[in-house]
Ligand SMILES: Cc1cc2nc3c(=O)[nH]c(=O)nc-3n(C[C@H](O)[C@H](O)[C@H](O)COP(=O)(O)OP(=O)(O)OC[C@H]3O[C@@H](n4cnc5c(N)ncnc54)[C@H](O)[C@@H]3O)c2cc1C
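Starting off, we have a lone chain in the form predicted alone, written out as structure tokens.
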């Protein structure tokens, strides 16, 4: 019997266990799969590193800065800005503060008017000057309504904002809360984006390495939770004074019922291709600014982090956010779109895998209410990105504040 049983070894559950074990609270973490990480996993396939879906790490997240050893992750960074596929060509849009010599190229990019680009600069300056706390207290609308109210043209929204935040928020129609949009934009503006040298799975692996031996138990599928512990699929009971459900939102809803509402799901897909040569050089994110197919973001991952591919090969990630990810023909549709982009060079591309993730993120439409209750009563707690913001930051923050709540409960008379 442990003081606390945590169901799920995703990022939220690992952070919760980390804080509790450091406070000398005994924990058992029950994880159904064969490794830690939840939705943040990386697999080695024929010498390539394939994350489970296209993911990036935003270094400006406060919890990332406090909890992770960034140097140990060997973070490889994307260039700030993006390359936009529009009008049959590729056009670079750069951060003028970091690449002043690229300002003429950015101004000339056919993604909107000069006035749109001035509005972009003003919007970035606004979120940079505002604290995250203040951004999360602003009036909330959809992201689309936020951008329209800021005066952006339909062309600018369609060719830049939609493909960018389709990838980040799995939101091709810009339905997500404007509070969350502002917060993410601030993280992009003040920090860097990248991936660990050994893949995104290195993040939960680093968190798990801080736990005492034997705390995490893999292959332990939980069938039922009660205030007295958890029951595994085989009928085994794991008793505890406190149970923390640290699964993704739909699973938490199934385990505890109406006490945790189903947060809704945004699907994510990613088609991974091995290529003899990179179709585009440089550590850049490529956005589909012309709505030419289901793929909204493309990255040559081996140009960002060479460790993602074996020597002499390149690795392409084609991200498909939203409902298109659930299409059984998504791999073929993605290949056809990339063939139009890059021409005959795609004929010798090898399809490595297609990830289809029905619950990539909770829906989080407006109004967004972060810091939802984590204590459900009778020794039962819940944490995860569905209790805060749909991000690594939200998962870590939720795990940390749940650990505080659990300690308060255990110490109360």
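Numbering follows the first chain given and starts at 1. Here the structure is a predicted model, which is why all the values come from computation and not from measurement.
Keep in mind the form predicted in complex with the ligand is missing from the figure; the text below concerns it.
A.B. asks: Heavy atom to heavy atom, is residue 372 within 4.5 Å of the ligand in the predicted bound form?
C.D. replies: Although the ligand is absent here, residue 372 would stay clear of it in the predicted bound form, with no heavy atoms inside 4.5 Å.
A.B. asks: Does at least one non-hydrogen atom of residue 379 fall within 4.5 angstroms of the ligand in the predicted bound form?
C.D. replies: The answer is no: residue 379 has no heavy atom within 4.5 Å of the ligand.
A.B. asks: At 4.5 Å between heavy atoms, is residue 246 in contact with the ligand in the predicted bound form?
C.D. replies: It does: once the ligand is placed as it appears in the predicted bound form, residue 246 has a heavy atom within 4.5 Å of it.
A.B. asks: Verify the contact flag for residue 9: yes if a non-hydrogen atom of it lies within 4.5 Å of a non-hydrogen atom of the ligand in the predicted bound form, no if not.
C.D. replies: Result yes; residue 9 sits at the interface with the ligand in the predicted bound form.
A.B. asks: Counting any heavy atom within 4.5 Å as contact, can you tell me which stretch out of 355-363, 42-50, 340-348, 66-74 lines the ligand in the predicted bound form?
C.D. replies: Stretch with heavy atoms near the partner: 355-363.
A.B. asks: Which residue, 286, 314, 304, 268, has a heavy atom that falls within 4.5 Å of the ligand in the predicted bound form?
C.D. replies: Filtering the options by heavy-atom distance leaves 268.
A.B. asks: Pick from 123, 222, 135, 188: which residue has any heavy atom within 4.5 angstroms of the ligand in the predicted bound form?
C.D. replies: Residue within 4.5 Å of the partner: 222.
A.B. asks: Given the ligand in the predicted bound form, answer whether the residues 16, 206 and 238 all have a heavy atom inside 4.5 Å of it.
C.D. replies: Checked in the predicted bound form: no contact with the ligand for any of the three.
A.B. asks: Scan 38-72 and note down the residues that get a heavy atom within 4.5 Å of the ligand in the predicted bound form; none is a fine answer too.
C.D. replies: Counting only heavy atoms within 4.5 Å of the ligand in the predicted bound form, the contacting residues of 38-72 are 38, 39, 40, 52, 53, 54, 55, 56, 61.
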